[in-house]
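Presented below, as structure tokens, is a lone chain in the form predicted alone.
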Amino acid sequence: VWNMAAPETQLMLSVGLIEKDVNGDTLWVWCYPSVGGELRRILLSKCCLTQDGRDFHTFVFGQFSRTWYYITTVEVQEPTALNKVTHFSVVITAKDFNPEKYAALSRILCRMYVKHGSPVKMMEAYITVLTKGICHSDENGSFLIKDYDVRKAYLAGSVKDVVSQFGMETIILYTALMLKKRIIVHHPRIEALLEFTRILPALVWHRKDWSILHPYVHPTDAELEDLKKCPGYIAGFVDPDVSNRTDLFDVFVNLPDSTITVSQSAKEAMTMGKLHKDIGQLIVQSAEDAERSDSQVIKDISVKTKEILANLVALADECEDSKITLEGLKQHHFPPVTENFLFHLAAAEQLLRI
């Protein structure tokens, strides 16, 4: 009888291997149990070994078609059991967002492959993690799935860094996320993109929804079609030309220039007023407080968000079938900008009568 581990171990979907040989050819050489053709093409395109040796990235992650992928790449140092292979990547796909967990597991799998030169040991380790939630590494201790709580993954990243870069303009990001708008972030370095985008969903902590994060997108038909299926998203692009794709974003963040642009079509919903200014000041004050940790800053923002949502729910409860209408909102004589924000927020939170 298989001793099935806790459900969180059942989140892994596959492990795969990409190799670059001495002739400079990069091939998908192995996977377990299987990876579909379209996803395999996407994974190959995300692996730095297929990108004409431009840059070497030890670890990248992203999401395609509701599947998370984690790619760890190593250079083979001679001599090893792997002759004729100069570099390889271990690719893990999973249902969950947890970069630290899969980076740690991948490092162990990479060492096994270098040592044994065959994917069999990797497959055995993968199955052990699936069934027992543990994997012993040759050198240093064990990998335990339970050490990698999802909340840790959500909080690994720095809201304070975001606020120190954008100051009061952070409120634009907050508003866009609250209203489930489409945010595109550009930076030429993938590592910078991953670090910045992964923390943004924490600005709307009450949703705890990292499925909106697509940190590493190439502007191919398949990936853009996949992105367009999401009503609101945070999408990271290394390609600067994405700034011209106004059909893809409501808010465009240029990280190297530290600028945030709201698209013409989103301006009405994103109009800022006193309420936004108050929230913006709260975010900046909390983030600039040296005594407060990143998770405390997220909590401060979350408390404010819950207050706004509680007011919204109270407004909805006054209406029939607990759904807000524009007429109902108008009776409260809010400032126009506040009324506008509450109307769009009610739509995002499914509190609006259509």
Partner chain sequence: MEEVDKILIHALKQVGMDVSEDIDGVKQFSSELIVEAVVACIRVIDPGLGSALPSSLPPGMSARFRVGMSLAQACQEIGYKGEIGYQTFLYSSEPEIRSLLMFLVEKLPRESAEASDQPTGKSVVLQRAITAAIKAQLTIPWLPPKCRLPLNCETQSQGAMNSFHVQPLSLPHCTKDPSKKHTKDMKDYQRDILPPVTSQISSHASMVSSILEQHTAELSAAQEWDNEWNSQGLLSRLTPQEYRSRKLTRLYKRIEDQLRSAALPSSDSAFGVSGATSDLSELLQAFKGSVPPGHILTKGTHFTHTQKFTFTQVGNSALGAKLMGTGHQSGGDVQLGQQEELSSLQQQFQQLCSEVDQLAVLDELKQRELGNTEREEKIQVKKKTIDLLPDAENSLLKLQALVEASTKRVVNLASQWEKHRAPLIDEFRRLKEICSSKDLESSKKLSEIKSLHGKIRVSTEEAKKKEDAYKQLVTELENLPQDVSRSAYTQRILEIVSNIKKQKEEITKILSDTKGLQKEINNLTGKLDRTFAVTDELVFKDAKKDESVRKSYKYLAALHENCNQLIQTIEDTGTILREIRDLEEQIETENGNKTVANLERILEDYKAIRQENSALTAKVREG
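Numbering follows the first chain given and starts at 1. These numbers come from a predicted model, not from an experiment.
In what follows, reference is made to the form predicted in complex with the partner chain, a form of this protein that is not presented.
Answer yes if any heavy atom of residue 19 is within 4.5 Å of a heavy atom of the partner chain in the predicted bound form; otherwise answer no.
Judged by the heavy-atom cut-off of 4.5 Å, residue 19 is in contact with the partner chain in the predicted bound form.
inquiry  = Under a 4.5 Å heavy atom criterion, is residue 299 part of the interface with the partner chain in the predicted bound form?
reply    = No, no contact at 4.5 Å.
- prompt: Is there any non-hydrogen atom of residue 118 lying within 4.5 Å of the partner chain in the predicted bound form?
  reply: Residue 118: yes, in contact with the partner chain in the predicted bound form.
Report task. Please run the contact check for residue 59 against the partner chain in the predicted bound form: heavy atoms, 4.5 angstroms, yes or no? Result -> No, no contact at 4.5 Å.
Worksheet item: Tell me, which of 257, 124, 149, 278 has a heavy atom within 4.5 angstroms of the partner chain in the predicted bound form?
Response: Looking at 257, 124, 149, 278 one by one, just 124 meets the 4.5 Å heavy-atom criterion.
(message) Give me the residue from 220, 142, 165, 83 that has a heavy atom within 4.5 Å of the partner chain in the predicted bound form.
(response) If I apply the 4.5 Å criterion carefully, the residue I get is 83.
Proximity to the partner chain in the predicted bound form (heavy atom, within 4.5 Å), stretch among 238 to 246, 127 to 135, 70 to 78, 262 to 270: Within 4.5 Å of the partner lies stretch 127 to 135.
ask   = Who in 16 to 30 is close to the partner chain in the predicted bound form, meaning a heavy atom within 4.5 Å?
value = Heavy-atom contacts to the partner chain in the predicted bound form: 19, 21, 22, 23, 25, 27, 29, 30.
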